[in-house]
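One chain comes next, on its own, written as C-alpha cells: the form predicted alone.
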Amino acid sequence: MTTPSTPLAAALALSTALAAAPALSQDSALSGTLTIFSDMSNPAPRAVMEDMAARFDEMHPDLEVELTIIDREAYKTQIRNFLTANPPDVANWYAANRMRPYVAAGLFEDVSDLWAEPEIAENLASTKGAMTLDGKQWGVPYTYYQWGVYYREDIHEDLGLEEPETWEELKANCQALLDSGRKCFAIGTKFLWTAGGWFDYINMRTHGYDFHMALTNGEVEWTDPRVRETFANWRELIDMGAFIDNHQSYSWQEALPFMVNGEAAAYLMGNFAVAPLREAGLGDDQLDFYQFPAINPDVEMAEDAPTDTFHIPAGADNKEAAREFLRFVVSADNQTRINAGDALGQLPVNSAASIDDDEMLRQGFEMLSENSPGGIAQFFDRDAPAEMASVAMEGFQEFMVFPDNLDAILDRLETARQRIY
C-alpha cells in the first residue's frame, strides 16, 4: 500500500489500492472500491491510518480499499473542493462547529442511523453531542483527549489541600497557595489560545454546554448579561492574583517551568502537557489531575475534548462500505488498538475499549466516559469560526491583563459577531 502525502491532484494520481491479503473473515457482502481521504500525515497517525485501512481491507476480500493521505495543512484548504467535485467514500475532519460548514452545504452524509445502533448509542454516548447538528449525527469520532487541571500533588499535600469540587473550594485552595508564596496557575497566553481554555471552562461551568455552543455559533450577543457573569467569575481569580505574572510574554511551553519549579501549583491544559512535565522531572508522585470544578451546581459538567472524526461525503459512491468502515473505526477492539501509547497515545471514544496503564489517561477516560453528562466541546478555536476565535481570544488575553477593559472588549467582540456571522 502506498499513501502519498502530497497536494490533492498528485495524491489522487498516486493513490494506490491496498494489496490483496488473506481475509480475516469470510464476510464478502461488501464489494467494489472504498476510497478514503485522510489528513493523518504525521508519522504516528499515518501508521495508524495505514494499519486500520489494511485490516479493514483484509476483513472484506471482495472490497478494494484505496487510501490517500494528504498533508494535514493542505487537506484543510482542499477539503471543500474534493467534497464538491470528486468526493471519496470516507474523509477525516473534526467535530462540532468545525463540521457545520460542510453539513450546511449538504456535503456530509447524515449517519444518524449508525448512532441508533445500540453498540454505538451506548458506548459512544459521551461524544454524541459533538457529532450532532440540527438534531442529526454527521460522522463518528475516532480519538480525543482530555483537558483539565494538572497540578502539583505534593504541594497540595504539604498545604493540606484536597482536589476542589466547587468554585468556592478552588478559590479557597488558591488563597492558601498565594499565602504560601506561590501562584495558583501557570499559563502562557503569548499565542492566545490558552486563554480560550479558561473562557471555555468558566463559561460552560457557569451556563452549560448549550449556552456555550450558542455563543460560539453566533446566536448570543457578547454583551449579554450572562456573558458578563462568566467574565465576573473569571475576574475573581484575576483579582486574587491567581495567575503567574507577565503570562502574555510566555508560550504554553515557556510557562511549564513555573509549575516544574513549584512557583505555580497547577495548569489548565490538554493532556499533551503531561509528557513535557514528566520529561522536566515531575514524577507521578508529584503530578496529578482533576476535573475543572463546578461553578453553578445546576449546570451539568461539560468538558473540552478536541475530537478527530470520520465522515461519509454526501456524494460518496460506496456508502454501504463507508458505513461499515465507520462501525469498524469505533469498535471497542479497534479503539483500544489505535489509541494505545505506541499508536495515537490518546483516549478511545468507545467506553468499552481499554486504555494504556497511564494514570492521566485513566483519569481522563473515566471523566469523559462517565462524568461529563453536559457534553463535549471542541475548544474555543474549533467551536467558533476562525475569524471570531481570533478576535475573541485577543480579547480574553487583554481581559486577563487589563480586566477593567471588559466593556470595550465585549463591545469589540459583539461588533465582530455581527459582521462575521
Partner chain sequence: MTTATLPDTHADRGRGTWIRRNRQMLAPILFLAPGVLFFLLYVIFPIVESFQISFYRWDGLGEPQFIGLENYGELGSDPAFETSLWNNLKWLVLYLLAIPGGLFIALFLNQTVTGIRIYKSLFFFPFVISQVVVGLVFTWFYDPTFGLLNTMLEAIGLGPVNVLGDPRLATYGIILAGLWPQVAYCMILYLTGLNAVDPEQVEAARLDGAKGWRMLWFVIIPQLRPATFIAFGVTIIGALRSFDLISIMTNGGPFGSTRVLSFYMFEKALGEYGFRMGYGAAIAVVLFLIMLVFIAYFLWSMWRDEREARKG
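Numbering follows the first chain given and starts at 1. Keep in mind it's a predicted model, so treat the numbers as computed, not measured.
If you look for the form predicted in complex with its partner chain, you will not find it shown, but the lines that follow are about it.
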item	value
Ala386, Ala44, Ala352, Ala29 - the one with a heavy atom within 4.5 Å of its partner chain in the predicted bound form	Ala386
In the predicted bound form, the one of Val274, Leu107, Val220, Ile338 near its partner chain [non-hydrogen atom within 4.5 angstroms]	Leu107
4.5 Å heavy atom contact, Phe191 to its partner chain in the predicted bound form	yes
Touches its partner chain in the predicted bound form: Met393 (any heavy atom, 4.5 Å)	yes
Its partner chain contact in the predicted bound form: Gln175, any heavy atom under 4.5 Å	no
4.5 Å heavy atom contact, Asn334 and its partner chain in the predicted bound form	no
Which of 78-86, 178-186, 284-292, 153-161 sits within 4.5 Å of its partner chain in the predicted bound form, heavy atom basis	78-86
Sequence-ordered residues of 156-188 touching its partner chain in the predicted bound form, heavy atom within 4.5 Å	none
CA-CA separation of Glu73 and Phe191, closer or farther in the predicted bound form than in the form shown [shift of 3 angstroms or more]	closer
Closer or farther in the predicted bound form, the Cα atoms of Phe191 and Thr77, when the shift from this form is 3 Å or more	closer
